[in-house]
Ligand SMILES: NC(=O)c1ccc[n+]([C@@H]2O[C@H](COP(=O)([O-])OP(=O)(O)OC[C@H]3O[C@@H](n4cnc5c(N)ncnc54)[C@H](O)[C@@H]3O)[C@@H](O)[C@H]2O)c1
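Let's start with one chain on its own, the form predicted alone, as C-alpha cells.
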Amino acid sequence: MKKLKVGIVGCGGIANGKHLPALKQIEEVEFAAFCDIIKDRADKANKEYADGKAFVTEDYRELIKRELDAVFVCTPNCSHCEISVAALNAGKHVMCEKPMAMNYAEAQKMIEARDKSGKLLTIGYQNRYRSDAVYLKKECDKGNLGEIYVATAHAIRRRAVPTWGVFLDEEKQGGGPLIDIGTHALDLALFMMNNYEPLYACGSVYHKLNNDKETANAFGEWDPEKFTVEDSAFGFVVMKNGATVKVDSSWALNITDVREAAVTLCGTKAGATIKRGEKLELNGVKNNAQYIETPDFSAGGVAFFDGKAQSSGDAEARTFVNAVLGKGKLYVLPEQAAVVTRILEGIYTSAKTGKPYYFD
C-alpha cells in the first residue's frame, strides 16, 4: 500500500482540532514532517502522531525540501499564500486552511502556482461535508429550489470571541469574524447557488464591543488593546445575474438567534434554511398548501450504533487524500475559494470607503 507522506505547517489549534486527528485515521497517510515557529508544538505533534519519528523544524522552507507528497498549511491567514505557493513550487500537493488568502491577488498567485506545478490545491471549507449541507446541495443541483435569487450567509455568535492565537490581530488575520467564520457561511451560500460571479458589494464593519469588560465571553475576557479587528461585519452582495447574497458575521452580538456556517436560500420553487444545531428546513408549496420539511440525518435504532456519519473534518481529509492518490476528485476548488476571498475583500473595502465596491 502506497503511503502518502504528509507535512504539517502550523501545529496549533486547527491542526490539532481537525487535521491531525482526521489524518491519523487514514491508513495511507504517514506523518513525515512537522513545522511550527514554536518548536515545542511541533515536537508535541511529532510525539503524538508520529511516535517521534518525523522531521521537525521551525522553518517551513526546511519542511518543503523534504520528500513529501502533500503539505497542510495550518498557519495564520497572512502566511497562507506564501507557504502554499512555496509548497506547490516545491512539487507538493497542498491543503490550505480557510480563508484561502488575505486578498484576491494572493489567491490568484496560489492558483497560478497550482497551474504551474500541476499539483492539487484545495481549501479547508469542511462544512460542505456536513450531512445537512450535502443533502441541501443535492436538492439545489436537482433544481428542486428553482432559481435561487436571494441568500443569507449566517455567521453569528452572541458572545464567543476567540481570545487565543492571533484571531484578534488584524495585521496577521486580515479581519475578524467576517474573514474567520463569515468565510464559511459565504462559501456555503455560493456553493449552493453555484454562483461565483459577483457584481458589487456593500459593507459595514463595527468595533462596538472591543473595549467592553465583564463580557461573559465563552472563551474568557479579551484584551481590548489586542482586539484590533472588528467585532461584527455585514455585507450585501449583488451578483451579475441579479441575485443577492447578504452576509451576517459577528463574534459578539446582542442577539439570541445565533448560528454559523449556515445559510438561508430562497428560490423560485422552494426555500431552505439551516438553523442552529445544523437543522435543515425545506419549505414551499405542494398541492396548494404550504409545507415545511425537516430531513432526519440520524440513523439510529441499531444497538450500539447512534447513526452518526463521519465528521466533516474526517470527510474532508479522506477526500483530499483520495484525490492525491488518484482515487477521486477535490470537493473544494481553489477557483471557488478565491471568489469567497474576493467578496470578503470587497465587503471590507466598501466598509472603509463608504462606497459600493465593484469587482470589474
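Heads up: residue numbers just count along the shown sequence, starting at 1. Keep in mind the model is a prediction, meaning the values are calculated, not measured.
The same protein also exists as the form predicted together with the named molecule; that form is not shown, yet it is the one meant from here on.
Relative to the named molecule in the predicted bound form, residues E30, K92 and R318 are all farther than 4.5 Å at every heavy atom.
Stretch 157-165 is the answer when you ask which of 274-282, 206-214, 157-165, 141-149 has residues with heavy atoms within 4.5 Å of the named molecule in the predicted bound form. When the named molecule is considered in the predicted bound form, P76 lines it closely, a heavy atom lying within 4.5 Å. The named molecule in the predicted bound form comes within 4.5 Å of no heavy atom belonging to I26. At a distance threshold of 4.5 angstroms between non-hydrogen atoms, V340 is out of contact with the named molecule in the predicted bound form. At the 4.5 Å threshold, heavy atoms of K98 reach the named molecule in the predicted bound form. When you look in the predicted bound form, the only residue of G124, G235, P177, G174 with a non-hydrogen atom within 4.5 Å of the named molecule is G124.
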